[in-house]
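Next up: just one chain, as structure tokens, the form predicted alone.
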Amino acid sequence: MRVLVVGSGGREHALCWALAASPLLTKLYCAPGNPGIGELAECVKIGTTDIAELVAFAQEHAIDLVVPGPEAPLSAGIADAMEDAAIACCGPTRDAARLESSKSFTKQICDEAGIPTAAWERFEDAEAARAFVQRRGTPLVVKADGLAAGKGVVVATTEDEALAAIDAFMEEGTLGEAGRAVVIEECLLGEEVSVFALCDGTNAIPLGAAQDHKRVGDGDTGPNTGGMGAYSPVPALSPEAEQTVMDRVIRPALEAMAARGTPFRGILFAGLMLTAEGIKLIEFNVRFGDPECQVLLPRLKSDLLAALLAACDGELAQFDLRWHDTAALAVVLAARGYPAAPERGSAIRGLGAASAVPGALVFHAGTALDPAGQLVAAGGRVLTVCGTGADLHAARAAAYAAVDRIDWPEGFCRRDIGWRALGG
């Protein structure tokens, strides 16, 4: 089969790595890809939201399956366009992708389907939002209603923080159209976990759980980021609790979407809080997380390509996945200045030595080759270094052993990934 992966980050590198191992694969492309992906697939210079160009490429190169990585092409309608061209695409339509592109839409689905979530209100008027904060009090969570690349959520512990977020999103337009409307909700307390499912519109099968580390600094300090590391499995989420997520969150959402005439196909990502009152949904995403994808796929024993095809064909009721009895832990290496103003252009060396560590995998994200062919930093989150092992202790040891072999003085990482599960 001929497959086109869309994206250029660590998640897409992990997808290409897993797909490249499939005996069903005959040719792998990635648009636009990165230097690491280029070792596995043929990279093509097409942007992730250049939908017409992606469709034309897929038609010209007889692509059998398109696998979108990030949310932007899904929200831009890549699945709709590929369907119109009779090309299979493992991802939701634009309407179904509203589960991620609109926070208020997700809340409406929760209300319709009885999915447990935080109490919420939506505002298009900044003055009304400010009045709500002053009336309700803090802590509160202020969320941009639209897509904001992981930067549209502020957990406000004081009234001043909540008001500042409203001003930034709604008045100053720091997030553009994404922040013109906001959702303000109660602040849930507990441990956060991500659960993933592969869906075919009617059926869903679990893809595992992971725990992300959003804050930029050790001890969960500093601003939120797209994710500084992750691990899987999650000891805090028992198999029984994971089944509860499937029964009370994932499947009710699928039923609600199907009832609306917009069945959901692809990866459904439930961001959850394990509260004293039980599991509550924080948000849905409509694709693999990054860096969660990088710790889930190394644990997958089954053929990923066959699973994605089954989702496209509506055959998941007869499909099952097998998993390695191992753990995985990923550490993100970011460029100095991230997340505010990451520095670009610094040379990165030692990836061969890092990859030689037993149990280690290095996934590229924000990398590029300079005119001399030297690998350089070209983004905020630049590399994801993943360790696998018999348990989380072994996985973390492998990950940090590989990190320490990378020669990149201008990069940094958190040194406490996995602290919740491993106690520091």
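For every residue, the number given is its place in the sequence shown, counted from 1. Since this is a predicted model, take the numbers as computed values, not measurements.
Separately, the form predicted together with ligand AMP exists; it is not shown, and the next lines address it.
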| item | value |
| --- | --- |
| Lys103, Leu188 and Met273 all contacting ligand AMP in the predicted complex, non-hydrogen atom within 4.5 Å | yes |
| Lys143: touches ligand AMP in the predicted complex, heavy atom cutoff 4.5 angstroms | yes |
| 4.5 angstroms heavy atom contact with ligand AMP in the predicted complex for Val155 | yes |
| Partner contact for Ala197 in the predicted complex: ligand AMP, 4.5 angstroms, heavy atom | no |
| In the predicted complex, Ala118 touching ligand AMP (heavy atom, 4.5 Å) | yes |
| Segment assignment from 163 to 171, 257 to 265, 199 to 207, 279 to 287: heavy atom within 4.5 Å of ligand AMP in the predicted complex | 279 to 287 |
| Heavy atom within 4.5 Å of ligand AMP in the predicted complex - the one residue of Arg251, Lys214, Arg94, Arg180 that qualifies | Lys214 |
| Among the candidates Asp80, Asp220, Glu242, Glu192, the residue which, in the predicted complex, approaches ligand AMP to within 4.5 Å (heavy atoms) | Glu192 |
